[in-house]
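Consider the single chain below, provided in structure tokens and representing the form predicted alone.
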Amino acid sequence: MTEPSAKRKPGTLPGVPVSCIVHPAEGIAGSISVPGDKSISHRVGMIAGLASGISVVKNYLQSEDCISTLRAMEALGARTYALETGELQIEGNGGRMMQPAGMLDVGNSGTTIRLLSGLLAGQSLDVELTGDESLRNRPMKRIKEPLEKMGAKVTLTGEKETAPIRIQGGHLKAIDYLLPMASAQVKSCLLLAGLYAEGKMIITEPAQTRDHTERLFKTMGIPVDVRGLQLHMDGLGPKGPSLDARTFAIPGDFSSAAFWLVAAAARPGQTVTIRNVGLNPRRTALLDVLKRAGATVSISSSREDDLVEEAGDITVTGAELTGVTVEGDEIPNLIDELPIVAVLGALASGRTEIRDAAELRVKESDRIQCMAENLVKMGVKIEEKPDGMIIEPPGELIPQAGLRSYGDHRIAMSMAVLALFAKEPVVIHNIACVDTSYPEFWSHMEALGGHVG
């Protein structure tokens, strides 16, 4: 696959973790289109890679994580081609996966390793998957147990029952399974494995999570019956699904848009519009948070052909924000936005509380601890909790030291947004991780009124 060229950031060297300086901004305003949705891109890359024929994908996210999915599917027999138009062609393997030549390295992508494990569980293959140091510390027992109940052999060779993962596919039987945590990745892993199982799969969630896999299945003619918190699906047995290539148009990533929506919300009178961004109601919980905090939010729908999910334009106009509490059932549909919600709390008046979010501790970093440490360096008062934090904003944001990304893209981008509101320039270290999800982040920051040096 031909990979896109990235704009080099100030002071960077190829392949070397770098730092940047974010300067205070007088305002953040304007209109942009964010890159394609990361979660949908992963799933489209896998499903198109299983189809017969050549699919055309519009707005596939050209980030490190999503390229990892394409490379893995190529190792399993698919082919991908980047076109000069910016579109991507994926020539599927027709459902006949081939034994890869060696271990599959999926970098930092938890979505790739977990979802692909589900696909591989029903194949007559013996495949080992690994990733970078961060990925090799993320919990994988949560997929091992149900996949083994279905009949696959799953070996976790990491020191803490983590990756590398060895998947020895087998003859799968459908199971009735209650997810022990609200996780779209675990749910999707089991749905993909269920394609190759015999019998009826029943998956029960403790709370609603992202439903991109279910929606994509329906787009491809794979029936999934959603009954509240339960999903029912008839397995197709070892032969799996017969999928035809098609055109997929992927909306912009709401989680990438979230940084600019919060930046605008905290500037009274400032307005930012994000064009053609995904409006899946299980992704947009942040909009309710912004409204509760006092910002004005408006939405207009898009009617672009071939969109795999609803999309439209979101406009946020800023105000004097007040603190909010986020908790309970809204957490699973806000999980990626919680670092920037913590930033919102630092910019609002009064107390902001994040509860019921212990899952943040097992993401690319311990996002509760890492956000708390960075916010304290900016003068914010933080009370860290096992499942969240209490945030009391300072009178002024004055950096006491350089901030760290901890190798986590969402930490880096969240703190970059906060730095726009500081009294002095802020140094953020190790920003290379941003490329895992949003390579255009820094250029978009400057387009909206920020300055990065």
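Predicted model, so just to flag it, every value in this text is computed and none were measured. In case it trips you up, residue 1 is the first one in the sequence shown, and so on.
Keep in mind that the form predicted together with a small molecule is not shown, yet the notes after this line are about it.
Student: Only one of Leu192, Ala184, Ala265, Cys370 gets a heavy atom within 4.5 Å of the small molecule in the predicted complex. Which one?
Tutor: So the residue touching the small molecule in the predicted complex, by this definition, is Ala184.
Student: Since exactly one of Asn59, Ser39, Ser68, Ser405 fits, which has a heavy atom within 4.5 Å of the small molecule in the predicted complex?
Tutor: Contact check passes for Ser39.
Student: Test of understanding: in the predicted complex, would Ile335 fall inside 4.5 Å of the small molecule by heavy atoms?
Tutor: Yes, Ile335 sits close enough to the small molecule in the predicted complex that at least one of its heavy atoms falls within 4.5 Å.
Student: I'd like to know if Lys363 sits close to the small molecule in the predicted complex, meaning any non-hydrogen atom pair within 4.5 angstroms.
Tutor: Flag for Lys363 set to yes.
Student: So in the predicted complex, does any heavy atom of Arg215 sit within 4.5 Å of the small molecule?
Tutor: Contact with the small molecule, no.
Student: So in the predicted complex, does any heavy atom of Arg210 sit within 4.5 Å of the small molecule?
Tutor: It does: once the small molecule is placed as it appears in the predicted complex, Arg210 has a heavy atom within 4.5 Å of it.
Student: Please determine, with the chain shown alone, which of 22-30, 424-432, 383-391, 39-47 has non-hydrogen atoms within 4.5 Å of the small molecule in the predicted complex.
Tutor: Result for this chain: 39-47.
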